[in-house]
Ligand SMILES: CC(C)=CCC/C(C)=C/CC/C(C)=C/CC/C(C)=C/COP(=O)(O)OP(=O)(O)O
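Heads up, the chain below is alone and in the form predicted on its own; it's given as structure tokens.
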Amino acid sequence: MSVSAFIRITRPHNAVVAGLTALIGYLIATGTLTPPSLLLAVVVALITAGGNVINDVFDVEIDRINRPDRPIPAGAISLAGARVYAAALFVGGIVIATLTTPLCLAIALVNSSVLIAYAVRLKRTPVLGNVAVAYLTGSVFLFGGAFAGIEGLVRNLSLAAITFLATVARELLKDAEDVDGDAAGGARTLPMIAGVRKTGIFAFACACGAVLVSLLPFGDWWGLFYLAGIAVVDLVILFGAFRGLRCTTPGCVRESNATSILRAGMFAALAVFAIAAVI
């Protein structure tokens, strides 16, 4: 068992980005960053890392075929060792969360449970798996806001909702792209059950919901910059979802770049919220 394997199995880039996102959530809620807020990044990075490890534990048989270079199938980490490591990361994140606020601790506990449930069952459950990923993505902003109390959490609700709905749309279109591979792997996804066309319609409806939610934060503390910036974001999100809406085959969805455009729209929304919070 090498140190590099224990680092690699956590998908460190993913965990660090998640931690930084929590800090941005606090910045959006308060307009500033403080030294204690750095705890947010540590908690989210540890719990995200724990989720990535437990995900590899339950994907080990698939990874033996598709990703034999991953630490567990490669023999760099034992299955039992990975389970203990995942538990330690989750416990470490939750313990540090006790140094934050009760709201943050509650979110940390819920998200740890969702990450475990996702790895064990939800990933293989149509729609629920997509919803779980979307919730976890959006809830990072709620976690960051919760460090400023209930007011901070409420202030970040709109960004969390936009992220949730846009992520559902993106996850569904990703499933539509991967129908052939998922079928070969024995997975069951919404596009396999309802078809690519109906999945595209549902994804577009979620994108429209994200656009409607984006109008909610406007008020005396957001100003005209927010409206101007979010209008561009909304156009990007709608354009990406519309590209997927036109498709009836997995190949068409892949060629449309709909998922990449939706991801760009979510990053743009984050930038708009962060800038609007500090100007």
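Residue positions are given as counts along the sequence shown, with the first one as 1. Note that the coordinates shown come from a computational prediction; the quantities given were computed from them, not determined experimentally.
If you look for the form predicted in complex with the ligand, you will not find it shown, but the lines that follow are about it.
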Using a 4.5 Å heavy atom cut-off, which of 147-155, 103-111, 194-202, 73-81 contacts the ligand in the predicted bound form?
103-111
Check each of 190, 122, 96, 115 and return the one that places a heavy atom within 4.5 angstroms of the ligand in the predicted bound form.
115
Can you work out which of 136, 89, 127, 179 has a heavy atom no more than 4.5 Å from the ligand in the predicted bound form?
136
Suppose contact means a heavy atom within 4.5 Å; in the predicted bound form, does that hold for all of 245, 248 and 256 with the ligand?
no
Residue-level question: is residue 28 within 4.5 Å of the ligand in the predicted bound form, judged on heavy atoms?
no
In the predicted bound form, does residue 51 have a heavy atom within 4.5 Å of the ligand?
yes
Even though the ligand is not shown here, does residue 55 get within 4.5 Å of it in the predicted bound form, heavy atoms only?
yes
Heavy atoms within 4.5 Å of the ligand in the predicted bound form: does residue 47 have any?
yes
